[in-house]
Structure formats: C-alpha cells, structure tokens
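Shown next as structure tokens: one chain only, the form predicted on its own.
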C-alpha cells in the first residue's frame, strides 16, 4: 500500500508551520508509522535545525528529485524517534530549481518508501507552493489568530480547493488570556472566516521555543501543552477522529476552576 502525502502550508510566513511539520512528523512516527518530512523551502532551509539534524546533511531534496542520489541517501534518520526521517532542502539552489514534473516523480518515489510524507511548504504562492502541493493528497493549513495570517490563509485555501485538495485547519499560537480579554481573535472567529474543518488548536507555549532552539521534538516533552496538542492532531490525521479538540481557553478556565475550588473561591 502506498503512503499518503500531506502538505503543511500557511500562505503567511512566521506562523509556526515548520515547527508544526516537525512536531507532527515526530508524533506520527511515535504512532508507529514510517514518516518522511520534506523541507521545500529551497534556499532558506530551517527544518533541519528545528529537528537537530543540520550537521548530518549530505544530499538534499533537489539531489533526490534530480536523480543524483537514492531515497536512502537523502533521507536522514532521526536517532531519537524510530521511523522518522528528514529530507532537507538545498541551500545553494532557488525555488525554481525543481519543476512540478520533478515533484510528481519525487512524490511517487516517496509513496513507495514511507507511510506518511509531510511536505513543509514555503511561504507565498509562487513556484515553491506549486511544487509542494502538486503531489499532495491532503493539506493542513496553519494559521495564527491574526488578521494578516487569516487573510493569507484564506487565499491559500482557495488555491487548494482549485486543485481539488480539501484542507484542514490548525489554529496555532493561541494566547487564552488575550482571547479572554478580547485582544486576540478566538479560534471560532478564525474558523468562521476560513470555513474549513478544524483539526487542532495549539496554544502559545514556551516549550516550543526551547524545543526549536535545541532541535528536540516538542512532542517528546510531556509537560508541553503544545506538544500534547500536536500529538492529538497527529492522531486525528491518522484517522482517530474521536479524539476531542481541546480548547485552550476552556483548558485555562478548567485550571483556574481547580485552583479556585481548592481555595474556596467562586468558579469562572
């Protein structure tokens, strides 16, 4: 049985898409699937640093797509998580180094080697986007609760539908305190505007910064709320749709209610 290819995209840069790709790849591999995460941000690669694999790169996605190496040569195996592999971007090429025909052939190869392939799509809607989505079966759109991010995500969603790909939504970097005070869009506001299926909510979490700087998958930290959220999202991507989506705002209320109950105070 061939593997499936999921593109992780956003439109706007800086919304946590690469971190989400690394976290979801690690979480799916922890579920026992053989996973490749592919960095398509050619010329500006970052996924290798986020995964702590930057010192082991020999070949890259351009080499693989052009037939200059085999999959086993380009795919870097993670030493902490069984079945997790990275195919890094090239730093010496630009986004026009590959064509959509190159990517279709590459995706065909990867389907035969892995159960799940996650493609980290670069920001924007130019050639890098076209190459990232051409072979995808599914798409996940990462969006933060910001007006500019929502507008760009809406544009990307339209382009995905035009290619007959039905996207799912992650609302990332939610700050419950700001949502509660009305200073940040709620995830319901974002879903109302984008009108696509919600697959997960991820709150702002300092553990993510530590994880990114140390190259350690955030899903390995059991104390990280973001890590827990990504593990739930990964399970849903694998078909476990009965796992509930945890609202960070309700989670915060629950925390304060537990504290208030212990102190004999009125619940929120």
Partner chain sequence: MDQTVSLKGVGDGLRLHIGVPMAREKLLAEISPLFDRIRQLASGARITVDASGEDPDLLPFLRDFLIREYAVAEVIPVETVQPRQQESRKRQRDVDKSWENRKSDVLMMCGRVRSGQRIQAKGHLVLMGDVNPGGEVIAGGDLIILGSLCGMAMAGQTQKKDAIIVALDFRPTLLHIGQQVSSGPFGSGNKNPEYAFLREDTIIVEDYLGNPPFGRLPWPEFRA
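These figures come from a predicted structure and were not determined experimentally. Positions refer to the first chain, counted from 1.
Below: the form predicted in complex with the partner chain, not depicted.
- Under a 4.5 angstroms non-hydrogen atom cutoff, the partner chain in the predicted bound form lacks residue 113 among its neighbouring residues.
- The shortest heavy atom separation between residue 81 and the partner chain in the predicted bound form exceeds 4.5 Å.
- Mapping the unseen interface onto this chain, residue 108 falls outside it, with no heavy atom inside 4.5 Å of the partner chain in the predicted bound form.
- When the partner chain is considered in the predicted bound form, residue 157 lines it closely, a heavy atom lying within 4.5 Å.
- Residue-level contacts in the predicted bound form: of 164, 92, 195, 181, one residue has a heavy atom within 4.5 Å of the partner chain, and it is 195.
- Checking 177, 188, 77, 151 against the partner chain in the predicted bound form, a heavy atom within 4.5 Å turns up for just one residue: 151.
- Contact annotation: the partner chain lies within 4.5 Å of heavy atoms from the stretch 195-203 in the predicted bound form, the single such stretch among 195-203, 210-218, 33-41, 238-246.
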